[in-house]
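The same protein chain appears twice below, in two forms, each given on its own as structure tokens and labelled structure 1 and structure 2.
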Structure 1
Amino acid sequence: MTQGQLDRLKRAMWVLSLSILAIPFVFPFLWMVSSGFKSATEIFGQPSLVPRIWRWTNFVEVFEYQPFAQQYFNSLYIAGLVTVLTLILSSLAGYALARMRFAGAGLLMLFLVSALMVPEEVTIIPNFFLMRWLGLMDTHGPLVLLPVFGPHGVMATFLMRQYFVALPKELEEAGRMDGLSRLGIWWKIALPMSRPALAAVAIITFLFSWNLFLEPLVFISSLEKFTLPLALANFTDAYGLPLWHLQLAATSLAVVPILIVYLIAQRQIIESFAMSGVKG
């Protein structure tokens, strides 16, 4: 056997081994999608991955049972807005903490990192009174402000700070010689070079906002303002029992944006954590 054939055999063995190991992780997803095409009776009947009768009407009933299209749009625009604002603010704050020397910078960073240790359940009551005082109850304002300025925003700032610390100082010096201000260096030099970190922050932020459940549950009461996590929990019958065939069909639709975003940015996420986790 030649070296080339041996390498191909090793690669095939690796692929086979990883495929077998992936089965426990992929099977629940496949079961969820296939169950979205089943009736409620068939889901709890004899187990079968392939539906005996394909009920395509489940995906139509999802939109008829409640304003699911509006709720889907709510999650999309909220997650997109939170992602954009987090990228802007975390990159600005991360660059300032990494490159600007000022009194109390180390203490400020310590306070920011300490905020990551506080569970959101601890702060939900003070945030409730704050949002009520601001007149933002039953609006999407809390779902945008709290992730951007809360612990998740701190985590994004920390990631960006770690990445900016590793950038060569010579680039900043060259920018100053070209007449760039501090803000110009951030915009024209630091940001373009931090695309892996920006991609990681974007995907993590999008997923965090997309899956948010506690805050919408506390702050939103109107059905048309629900986000997807609340909408999925609302597929129940008159007795409050889950309509599993509709819940699974709706969940299958809800994971589509997550899969698209992750497939696009997965390489940047891995690169960002590999480079930022050992720097600074």
Structure 2
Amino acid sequence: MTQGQLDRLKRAMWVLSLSILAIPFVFPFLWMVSSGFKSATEIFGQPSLVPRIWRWTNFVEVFEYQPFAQQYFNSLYIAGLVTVLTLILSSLAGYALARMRFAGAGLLMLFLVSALMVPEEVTIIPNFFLMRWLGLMDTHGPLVLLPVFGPHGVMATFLMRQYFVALPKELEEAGRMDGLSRLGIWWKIALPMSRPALAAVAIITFLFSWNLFLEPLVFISSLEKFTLPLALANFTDAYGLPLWHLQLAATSLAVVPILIVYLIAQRQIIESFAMSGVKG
């Protein structure tokens, strides 16, 4: 066998083995979408990736079954709001921790870092009573406040700090010469230079909020205030049985747009997760 043949064989093996490994990663998505088009009876019939009859009406029924459009919008605007707030707060705090020398900084860091390790399940019970006291039960308030100020917000702060630390000092000094305040430097110099970090925080935060489940489960009770994950889990008939065809149609509607965005911006998105993970 020549070297060329050997290389081609190696490559074929590489492609083949990765393709086999990829099956359980791709298959659920394909099956989800295809089953979303099937009828309740066909879904458990002979397995076939292509529905015998394409039931487009499933996708109409999804919206009739519960206020799905409203729930979709809820998830979008909450994730948007959480993202914007997290960006502002984490970059402010991250900037101070990275570029300013102040008494108590070290202690503060240690204090904050401890939060990264504490699961939400530990604090959710007292937060339930806190939110009740604040009159925020069955509102979107907890779904904004807890991600922004909880461990996720701290993680974002550290990510921003990590990036700010590496920025060259000279630019800030130039800014100070021009008479900029600290806030001005943060806004006009530090932030524009930190686009990759901001993008990373934005991406991870958006997805974090978008996929949040425990908090909505505990704090939201009205159908029209549900977020998507809650809504998806709620496709059961009046007696608690899954309505698989509708559930899978709705799940497709929730997942496919995110997947499309992911496919377009996969490099950026994967890098964002890499940035947030490495520092852990």
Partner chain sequence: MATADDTSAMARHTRVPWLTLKRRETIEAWLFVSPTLIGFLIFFLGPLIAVVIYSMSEWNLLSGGQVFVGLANYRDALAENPDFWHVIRNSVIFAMGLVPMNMALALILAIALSRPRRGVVFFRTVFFAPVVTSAVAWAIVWKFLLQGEGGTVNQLLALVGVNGPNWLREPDWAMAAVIVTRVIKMVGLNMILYIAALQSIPRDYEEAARLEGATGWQVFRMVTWPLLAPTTLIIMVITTIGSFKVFDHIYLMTGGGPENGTLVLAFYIYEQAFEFFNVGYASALAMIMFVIVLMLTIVQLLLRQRGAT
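Please note that residue numbering is based on structure 1, beginning with 1 at the start of its sequence. Just so we're on the same page, rigid core means the largest C-alpha set that superposes within 1.5 Å between forms. Just so it is clear, the model here is predicted, and its values are computed rather than measured.
**Q** Eyeball the pair and call it: which is the form predicted on its own?
**A** The form predicted on its own is shown as structure 1.
**Q** In Å, how large is the C-alpha displacement of A12 between structures 1 and 2 after the rigid core is aligned?
**A** A shift of 10.2 Å at the C-alpha.
**Q** After aligning on the rigid core, report the distance the C-alpha of L259 travels between structures 1 and 2, in angstrom.
**A** The shift comes out to 2.9 Å.
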